[in-house]
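Single chain ahead, by itself, as structure tokens, in the form predicted on its own.
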Amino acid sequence: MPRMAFDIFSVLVFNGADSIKFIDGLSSNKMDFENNVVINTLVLNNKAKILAQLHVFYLNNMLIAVAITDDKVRFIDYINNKILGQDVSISDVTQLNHIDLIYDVDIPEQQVITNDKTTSVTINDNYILEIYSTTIERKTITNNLTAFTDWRIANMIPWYGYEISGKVNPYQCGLNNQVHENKGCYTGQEILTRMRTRGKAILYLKKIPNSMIKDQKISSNGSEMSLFLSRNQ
């Protein structure tokens, strides 16, 4: 099974009685946890631009987030400044763990599984993140970026450094499903609600054969197919 290593992933642990309330106040998606469920969400700035993408889950009574961001230091500073007396502490344990991405495999029904000192986290029913201690020898990494990009394009998965960045909002990079339309107040909500209500400036992620590429703004270029963002649904 193909296994990738990306340095864009971070592992953050949230402790304290107010952790869920705190994350929910930042999140574009609802923090409605059930057993072994992963919440995929975004933290936005006041212009609704993406500060970080979070995959949040419970493990051993701890709230854990796998974070993807353009600037981790800036992001952690941002969320630390939002605590404001709440019972929340944030620990960055990235350096203590390997984080591998496994794709093109059968997806388990359970979204969070701990086995053999490895935690497997299923993201959007598309791929698995394996998190395990750096005291354990790293598993064999294939790191075939071309094959991963082709798989990602086939499954229309937007990615950091391609469709996603701190310069866009969720409706401009194919992350509409990580914005809950009935979510309570969070930073950037008013802008996204206005975009949705007016139906303006929203982009739709599409794929196209390379033989048909003309003037489309390609975001991810694959061997045979590419992704682009279109104003037309």
Partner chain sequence: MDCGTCDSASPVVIQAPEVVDVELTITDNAQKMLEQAFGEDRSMALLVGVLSGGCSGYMYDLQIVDNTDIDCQELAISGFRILVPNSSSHLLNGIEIDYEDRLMGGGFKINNPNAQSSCGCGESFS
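Since the structure is predicted, the reported quantities are computational estimates derived from the model, not experimental observations. Numbering follows the first chain given and starts at 1.
From this point on, the text means the form predicted together with its partner chain, which you will not see here.
Segments offered: 100-108, 81-89, 158-166, 143-151. Contacting its partner chain in the model of the complex at heavy atom distances within 4.5 Å is 81-89. Every residue of the trio 76, 117 and 185 has some heavy atom no more than 4.5 Å from its partner chain in the model of the complex.
Proximity of residue 189 to its partner chain in the model of the complex: non-hydrogen atoms within 4.5 Å are present. A residue is said to contact a partner when one of its heavy atoms sits within 4.5 Å of a partner heavy atom; residue 64 meets this definition for its partner chain in the model of the complex. In the model of the complex, at least one heavy atom of residue 93 sits within 4.5 Å of a heavy atom of its partner chain. Although the partner is absent here, residue 9 lies well away from its partner chain in the model of the complex, with no heavy atom inside 4.5 Å.
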